[in-house]
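One chain comes next, on its own, written as structure tokens: the form predicted alone.
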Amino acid sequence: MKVAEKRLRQLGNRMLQELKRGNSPYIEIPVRALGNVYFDSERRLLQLGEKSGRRYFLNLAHAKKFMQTLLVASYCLELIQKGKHASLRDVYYALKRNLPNSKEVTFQDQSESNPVIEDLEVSLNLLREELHISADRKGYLIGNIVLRERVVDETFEIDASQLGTGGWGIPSNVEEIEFLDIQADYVLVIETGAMFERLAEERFWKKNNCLMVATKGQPSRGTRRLIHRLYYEANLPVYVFTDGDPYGWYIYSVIKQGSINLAYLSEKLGTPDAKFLGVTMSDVDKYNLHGQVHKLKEGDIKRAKELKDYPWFKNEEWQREINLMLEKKIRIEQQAFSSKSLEYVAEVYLPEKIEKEDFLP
């Protein structure tokens, strides 16, 4: 029996036993608010605090949420037993219905069902993907790795070195992906799809014996989970390559420390030993890219100041880079190196940084 199925059954059995005793069943749900999130400096991860709330069956203020939570739990158990996966939108429509002898509906819209799914995963200490609930597919992988993917009762072997420049589309649920064979020295995580395609065309992964992962902006949960697994299960160092702007740097911190919104999943999604390759403000001088920078907008400045105050950006190296950005009021994109040549990032910038271990922590 899967862990998720076991925990769902335990939840249902506990509700049933409480009813038989004449008690009001309740569900204990950790509080996911910002005030209950902290940075664990030893684990180097954002963590959820100890505050929690109870959702009671025999409480008029809680009754609807209690019913919604058990509806979602029951549906997840059904999905697991059938070996099927549903999207967030599927769950909403599958459970949306009128309540008998009432004008009430189970879920008014998806803004009600989504938080209930998050409540359930944090309450059970599971990823929603383990509950067979999927999000949109986002992110790509290419390199010398052979994977086995299970779809219902079939399995497929995927050789990510034989997929041209497009790579393998990372699914939202990577829990049942098996690593059959990996011949790589490290994982290079790339923020933009355009840079991923540029490096794929240059066959960077082949020439430098690495796996390349494209996040296409803020990484999805599936992509973060895959990066986490490649580090912890395959023992591959993780290097992150983003734009030199506050948003690219925050993408790095999400991969490394986790995110505030998903602090309760940091241990499954975060990779604290990931290293930052670039782009940095120091690179502007080092590689003479002054003509390729852009001015910071007000939103960029505000975001940079927020980063500066995050505990995990308090080290000397990051404070220097953020101060340089605020002082010069500039940002720079990965594609700025194309001013030198299309091949420059693949043939000079990345190999040089990796060889010299010119990383930020």
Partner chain sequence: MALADELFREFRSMSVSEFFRKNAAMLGYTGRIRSLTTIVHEGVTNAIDAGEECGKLPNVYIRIENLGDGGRYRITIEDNASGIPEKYIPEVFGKMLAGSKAHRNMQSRGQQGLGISGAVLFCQTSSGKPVRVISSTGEKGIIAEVMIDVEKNKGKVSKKEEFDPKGWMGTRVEMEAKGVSYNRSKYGAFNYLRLTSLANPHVQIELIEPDGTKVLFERVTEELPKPPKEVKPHPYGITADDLLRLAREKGGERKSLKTILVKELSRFSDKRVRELKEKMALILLSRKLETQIEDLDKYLSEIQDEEEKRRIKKIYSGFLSQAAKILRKEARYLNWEEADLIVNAFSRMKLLAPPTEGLSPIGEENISRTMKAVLNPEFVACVTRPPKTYRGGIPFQVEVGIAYGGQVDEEGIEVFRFANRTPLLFDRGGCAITEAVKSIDWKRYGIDPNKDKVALLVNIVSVHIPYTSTGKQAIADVPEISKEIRLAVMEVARKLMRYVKRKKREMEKEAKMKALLKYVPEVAKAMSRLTGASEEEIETELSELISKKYLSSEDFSEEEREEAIKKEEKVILISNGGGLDEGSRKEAETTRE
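The shown structure was predicted, so the numbers you read here are calculated from the model rather than taken from an experiment. Superpose the two forms; the largest set of C-alphas matching within 1.5 Å is the rigid core. Residue numbers count along the first chain shown, from 1.
Although it is not shown, the form predicted together with the partner chain is what the next lines describe.
Taking a 4.5 Å heavy atom cutoff to the partner chain in the predicted bound form, the contact residue among Gly164, Pro100, Gly291, Gly83 is Pro100. The partner is absent here; in the predicted bound form, the one residue of Asp181, Glu233, Glu104, Asp153 having a heavy atom within 4.5 Å of the partner chain is Glu104. For the partner chain in the predicted bound form, the listed stretch (28-36, 51-59, 292-300, 311-319) containing residues with heavy atoms inside 4.5 Å is 51-59.
Among residues of the shown chain, Ser74 is one whose heavy atoms approach the partner chain to within 4.5 Å in the predicted bound form. Although the partner is absent from this view, Leu360 stays clear of the partner chain in the predicted bound form, with no non-hydrogen atom inside 4.5 angstroms.
The partner chain in the predicted bound form is not approached by Glu267, whose heavy atoms all lie more than 4.5 angstroms from it.
Remark: Gly12 counts among the residues lining the partner chain in the predicted bound form, judged by a heavy atom distance of 4.5 Å or less. When contacts are defined as a non-hydrogen atom within 4.5 Å, none of Asn144, Ala160 and Ala200 contacts the partner chain in the predicted bound form.
Contacts with the partner chain in the predicted bound form, taken as any heavy atom within 4.5 Å, map within 22-51 to Gly22, Asn23, Ser24, Pro25. In a rigid-core overlay of the protein, Gln319 has its C-alpha displaced by under 2 Å between the shown form and the other one. Once the rigid core is used as the reference frame, the Cα position of Leu58 differs between the shown form and the other one by 2 Å or more.
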